[in-house]
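Given next, in structure tokens, is a single chain: the form predicted alone.
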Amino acid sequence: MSQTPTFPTLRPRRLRLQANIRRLVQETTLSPADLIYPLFIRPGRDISRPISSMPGQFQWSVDRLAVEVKELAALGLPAVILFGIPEIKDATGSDNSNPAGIVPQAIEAVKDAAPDLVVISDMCFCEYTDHGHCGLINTAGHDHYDPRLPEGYLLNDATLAMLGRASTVHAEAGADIIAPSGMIDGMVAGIRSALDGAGLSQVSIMSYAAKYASAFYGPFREAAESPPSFGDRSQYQMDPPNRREALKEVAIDVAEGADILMVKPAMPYLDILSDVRQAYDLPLAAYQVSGEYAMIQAAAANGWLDLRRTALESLMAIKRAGADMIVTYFAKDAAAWLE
């Protein structure tokens, strides 16, 4: 029985000697085509408002989108994901289902400026509700109140109907992909049924299939103006200690017809990303969330890390763990760096 060669016959460093040798044997590649750029859209005109906790990121008014998305397309980025900040918030997040709402306006603006850019609509209600939760809340005195459930409980099935209506509105405005992000039971089936019933069977669903109730979302609350007015989202998003449960959640969304799966956050949950990649062949996304982005930016601003190298290494780690595509606030910079 032959033995595997070892030192000095085997010298792995031979394949690290030169940059082009390292490129030849590189196992994981990253390109602009792998990246999706988030955009935050707010009411008003001529607005590009900096987000203080996320350097380099902005809230945009619809009229300022054209220049931005043309630049994204020129960099080779294939897609954007839109988050809307409505002018008026209410208990039911009604602007999310308004054909003249902020995101339908933004979808049309993006498609006019960059027709080939894929538009993904983040489908949730936290930005649209006055309470900051991802659907209809069980509230005494309201028509939807159920005394059998706790006050403040997110009403699952009533929220499904809302998701279906809003998804149809966004798809009719031109969204290519609907991305439900609230971890509401049955959300993929409810949206798929609504889209198909409206003759929109060509519209894909990218499900936030394993989304954790993470502390890494902090800066997003400022960006989307969506902090919960009470409690947190642990009653519907996944508990961070749970690994096996993620595969159960993903299996449900696969069975309900998800076209693309997503794990969120990304780097703190690379084990989950790898598990889902090994279990399923569907396209797999990961979301490098606001806290991941902000930490790298803050460390680089203090001179503790090299921004470019660290950002690209973090994205490569996510790709290596199994992601086919990455939602990241670094997408625009990374596309330029990779060129």
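None of these values were measured; they are calculated from a predicted model. Residue indices: 1-based, along the sequence shown.
FYI, the form predicted together with a small molecule isn't displayed, but the following is about it.
Between 218 to 226, 151 to 159, 199 to 207, 109 to 117, the stretch whose residues reach within 4.5 angstroms of the small molecule in the predicted bound form through a non-hydrogen atom is 218 to 226. Only one of Met187, Cys124, Ala175, Val263 lies close to the small molecule in the predicted bound form, with a heavy atom inside 4.5 Å, and it is Cys124. Listed residues Gln237, Gln105, Thr168, Ser94 were compared with the small molecule in the predicted bound form; Gln237 is the one with a heavy atom within 4.5 Å. When the small molecule is considered in the predicted bound form, Thr129 lies well away from it, no heavy atom lying within 4.5 Å. Among heavy atoms of Ile41, none comes within 4.5 Å of the small molecule in the predicted bound form.
Interface residue remark: Ser290 is counted as part of the site for the small molecule in the predicted bound form, having a heavy atom within 4.5 Å. At the 4.5 Å threshold, heavy atoms of Phe83 reach the small molecule in the predicted bound form.
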